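Consider the single chain below, provided in structure tokens and representing the form predicted alone.
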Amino acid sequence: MTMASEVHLKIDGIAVTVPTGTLLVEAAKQAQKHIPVYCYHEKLGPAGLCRVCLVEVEGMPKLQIGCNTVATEGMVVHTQNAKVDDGRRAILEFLLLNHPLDCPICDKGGECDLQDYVMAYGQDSSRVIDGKESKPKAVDLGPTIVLDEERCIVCQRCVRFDELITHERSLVVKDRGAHDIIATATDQPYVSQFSGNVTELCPVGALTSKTYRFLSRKWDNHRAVGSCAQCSVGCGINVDVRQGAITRTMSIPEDVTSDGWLCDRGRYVISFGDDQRRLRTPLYRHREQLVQVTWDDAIGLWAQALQASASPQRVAALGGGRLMNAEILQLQALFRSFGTPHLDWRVGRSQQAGAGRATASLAELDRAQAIIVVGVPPSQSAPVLDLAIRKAVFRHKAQLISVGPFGAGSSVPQQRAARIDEVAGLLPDGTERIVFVWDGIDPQLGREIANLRTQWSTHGRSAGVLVATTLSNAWGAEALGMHPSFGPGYQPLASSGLDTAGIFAAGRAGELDVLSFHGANPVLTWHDASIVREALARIPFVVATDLFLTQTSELATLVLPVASAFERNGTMTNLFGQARPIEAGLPVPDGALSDSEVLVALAQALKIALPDAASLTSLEERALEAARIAPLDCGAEQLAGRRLAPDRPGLQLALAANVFAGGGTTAHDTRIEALRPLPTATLEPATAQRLGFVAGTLVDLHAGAASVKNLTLRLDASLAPDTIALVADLPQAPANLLFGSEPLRLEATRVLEEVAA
């Protein structure tokens, strides 16, 4: 006898049909009936802790909890009647026994489930004459969270999120009964890439965000809906604004890309827009000093420098990985119309962003039987992608394999392979659906992935590819023509221009007159800082469009203040090849322009016609569609730049990513001081022991005459032997000073303290 796939029942007199196994709390939604919940969450499943979801089921002698009762055939359910309301009233009375009446100062006021349910089901006054149990207030739970223990109703949503979604198991419930408190298992601060989600999950004001605490009320916020521009995933977000400033970002529960979760970078890197260091007027270098000029003068100086160039071949433009899709199309159209072929988006370590028709979808990642992480793991560059990998591993039993010097970097069981050719031997028998997650850095690794995909395809195995980069629109920049060999849609050009390495080489040789950077900071992000600095010193006219004076814009001839992603409307393309909407929550600050406005102004000065808005939209759609089916693969010679990897004897340098590194928005956001990484050097424990170093030692790392100093030594067993890892793109410790073939020398200065591995 087979079980029926559907069951029929009545909820408050309304007939509904739901799949077998559906919980009553979900079945009620089909009848548009609301069952109150605290501990239950649709992505966490049933817990049966708070009991506020009581319902009456005919034929059962007692009230049942809707969050953990499965709908059955012919069931008759009442979500509201005198018996149900009285049961909920009793539960709420217990919850309020020790709950403080501080709604006027609580951050959750106006969006608190406890407030709402007390108004709907609670009693008018308390029957308790004893004093309430006092608990600590404003407990510092970690770098992002403040806990008010008095308000906690011990629904355990936060604990279950930490256990079931991130699988980190840092949060626990300690003590019993009225003394229950939320704490960390180790009594250490709660640190997670996803800590901010617990403040959203908390149905009361127990867990609050340090960046939003006492800042605003829900009804004072104006909300814009868009996508996060902090990495290549492009999660859907709600942006709340009050009086011209962003107060917070919130997840969109129904967003498929993020599954309703946000990483802490997307949630907390928001206050840079009103930082006092924000550029608000164009700057021009005069007698070695940057002085303020008008926008008309700035555009005129730029156009004059371009027109004075001996040839368009002596002009180049770099960047675009942080621009909107339409702005990228304008950028490449403008410079190609001017006659220069030297365009590239690759101003950091990533050399490829998309894989054409090999690009995997989110659904393919979710269904994958094996996930192979190659290079820098997404836990360091695109955390919500890492969360999707954790889901595939824990819920769908996918096998996780990491290749390279790093482990996969998250709390997921995994196998390690030193080389890609070892991967096949680690796959379980019968594995057919595979997804590679590649950092896009080393083209040789990309080619090895492509070769393995070709071999597997003849044996019935499918293998898609996701390229995880820290740039929000690297996929769009590559696919929409910001490339020396391709136009929009990966259409080959008649002749290729110089890539980024070639542009810097031409600059050092005195063969460039004008170079412009668009949202790029290669002095910090390019593999060799000395090459970039030498090139900029030899180029007569360097333009940088940016929000702040970064390591690169400080060296420019002309610096132009532009809008941030929170101040622009348009689309970006995420690592799945999907165009994601961006909605402006803020106006562009006085004195700044959007990148689009800057490009239009320059085009007018040069008498170049750019496509209108309708043409840009049509071109974007056609180009992205062509890019998604392009016959290109990982490490394709046409796509990959020249990745220099000189042989270095002895200790090898590995560059790790960190979502809070960088010299732009994260470095200029005062609210996230506690989240920015400290300068560290990481060794595998056996390597450290062989070299005579212990965790906590303050060290200097040398390569020839170059040095990066004052690094705290940490140990990590997941790191490859004979490798030392530094965080890339960290202004306090720029690892790109150490590029080259010189041996690495590690020197200790003093021991600070023992640091846990």
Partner chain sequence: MSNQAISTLEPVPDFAVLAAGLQDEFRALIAQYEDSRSALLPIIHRFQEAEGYVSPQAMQVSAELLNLPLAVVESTVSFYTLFFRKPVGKYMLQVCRNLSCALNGAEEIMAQFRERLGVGHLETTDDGLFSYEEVECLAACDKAPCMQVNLDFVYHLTPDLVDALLAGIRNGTYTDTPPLPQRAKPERSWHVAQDTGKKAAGALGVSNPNAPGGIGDASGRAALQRIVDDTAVGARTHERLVREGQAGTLHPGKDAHERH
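Positions refer to the first chain, counted from 1. Every value quoted in this text rests on a predicted model; they were computed, and no experiment measured them.
Omitted from view is the form predicted together with the partner chain, to which the following refers.
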Is the gap between residue 140 and the partner chain in the predicted bound form 4.5 Å or less for some heavy atom pair? yes
Although the partner isn't part of this model, could you tell me whether residue 132 comes within 4.5 Å of the partner chain in the predicted bound form, counting any heavy atom of the residue? yes
4.5 Å heavy atom contact, residue 176 and the partner chain in the predicted bound form: yes
With the cut-off set at 4.5 Å between non-hydrogen atoms, does residue 80 touch the partner chain in the predicted bound form? no
Within 4.5 Å of the partner chain in the predicted bound form, counting heavy atoms only, one of 399 to 407, 330 to 338, 178 to 186, 578 to 586 shows up; tell me which. 178 to 186
Counting non-hydrogen atoms within 4.5 angstroms of the partner chain in the predicted bound form, say which of 172, 120, 90, 651 makes the cut. 172
Of these, 492, 510, 425, 136, which has a heavy atom no more than 4.5 Å from the partner chain in the predicted bound form? 136
